[in-house]
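Before any questions on how it binds or moves, here is one chain, the form predicted alone, in structure tokens.
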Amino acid sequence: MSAKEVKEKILVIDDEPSIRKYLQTLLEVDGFDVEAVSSGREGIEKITAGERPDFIILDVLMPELSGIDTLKELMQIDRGLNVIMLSCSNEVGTVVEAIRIGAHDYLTKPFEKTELDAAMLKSRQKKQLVTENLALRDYCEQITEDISFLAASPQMVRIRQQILQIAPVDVPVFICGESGVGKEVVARMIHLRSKRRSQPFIKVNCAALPGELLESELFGFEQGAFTGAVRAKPGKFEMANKGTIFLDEIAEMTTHLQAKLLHVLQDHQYSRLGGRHLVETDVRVLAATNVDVQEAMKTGRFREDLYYRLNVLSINVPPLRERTSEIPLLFRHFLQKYSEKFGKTPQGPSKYLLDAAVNYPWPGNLRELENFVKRYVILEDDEGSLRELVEMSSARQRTSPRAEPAVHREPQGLKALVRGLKDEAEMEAIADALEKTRWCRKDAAKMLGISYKALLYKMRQFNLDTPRTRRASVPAPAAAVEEPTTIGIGGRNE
């Protein structure tokens, strides 16, 4: 593809000839395809005719049709337009009105080139986030209002296919996997795809109660069965009748209770605590554990006969570190979820933060990632979240040195670690762009969203002068190089 074909198009709408000329010259130097018109009506006509520029730079104060009125009409035509407002005034009311109508950003004249670059970068990120959220719908299946099943990796696609095969067959299913991988999500999806989907789904955490209380919780009790049993109470098996019961952390159940559960699975009947009559039950049992079942059976912690009764069909959910391709999608899924919940405008994570998230092993799996993104949404601090990941990685290496490949590093401060991660991600992005454009520096700069001059500086910094000089290691920190202005990949000011 030629450089001409990949140019971003910008429509400038401003009644002042000097501003139009200035913006056209400024942006064309950076490789944009720029068209300038003198009134809001002309701009609306172009959009009505089918033109869809990547950005619209719109002046607020114009005769006849004001910028705000022009913006309203543009949004009626296409709310996906990326509009950046310009004005000599920064009145709060006007700014709020413009953003409410649909503008992506608002700059006050006179403005610096870096401010315009930042506004355009922010617009690109918002557009990318919308596109990725739409793409998520292809991977994500809503289970309940709070739980979704996301299948974006080959492993999870296979599990989804297993679920679709298993769900209609009315037999027990044993679900294995580390804590936090999403075993409950799998169980709920099995239920919702089964013939019992219109009946109750009851979850019981077998690790949350001691044996005696868990038995009464599962099977209920009669009045007077024990001290405090002032009235009869049905158990979870009765509540789940005709539906599905999910026994989470089943390996934590006492062996006595495991024996009783085995008889329920065999005979489909049981008696309440203190009861004399048998209770018939028609329940599909789904069980899950995060322990090594084979080891638990060897030590007598888990009954073999119960395991073989439950393990008619089994699903093993892999940990997040084995399906890292899902991390960016999961990050944005949780970002959208909690931005809506907390009434925040979703701010797309930087490339550095996503790279760090992909490289972190997430011992707590989806639950840990979800809580991390929740903090990110609340605090709105990309740099702080990156530091948090670096600190967690460092702490994990100190406490579990065998959990990661051993890499010898000299002791360094937190800032140096963050800078090292950013340099490494930046160098890889530049090298990839140069390779994709066959080392055409001009095209690579456009692909990266930075100026040609900034790209040349970065190539010298990372010693990327020719295709043969690409290195796998990060060079000395950039702080040792005299640098008047540092521009990150995608135009982010550092």
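Keep in mind the model is a prediction, meaning the values are calculated, not measured. Position 1 is the first residue in the sequence shown; the rest follow in order.
Although it is not shown, the form predicted together with a small molecule is what the next lines describe.
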inquiry  = Does the small molecule, in the predicted bound form, lie within 4.5 angstroms of each residue among 248, 290 and 367, using heavy atoms as the measure?
reply    = yes
Students should find that, of 283, 86, 181, 373, the residue having a non-hydrogen atom no more than 4.5 angstroms from the small molecule in the predicted bound form is 181
Note: exactly one of 221, 149, 106, 201 sits with a heavy atom within 4.5 Å of the small molecule in the predicted bound form, namely 149
Given 258 to 266, 228 to 236, 75 to 83, 333 to 341, the stretch touching the small molecule in the predicted bound form at heavy atoms within 4.5 Å is 333 to 341
Can you work out whether residue 392 and the small molecule are in contact in the predicted bound form, taking contact to mean some heavy atom pair no more than 4.5 Å apart? no
Q.
Please tell me whether any heavy atom belonging to residue 119 falls inside 4.5 Å of a heavy atom of the small molecule, as the geometry stands in the predicted bound form.
A. no
Flag residue 353 as yes or no: does it have a non-hydrogen atom within 4.5 angstroms of any non-hydrogen atom of the small molecule in the predicted bound form? no
Please run the contact check for residue 306 against the small molecule in the predicted bound form: heavy atoms, 4.5 angstroms, yes or no? no
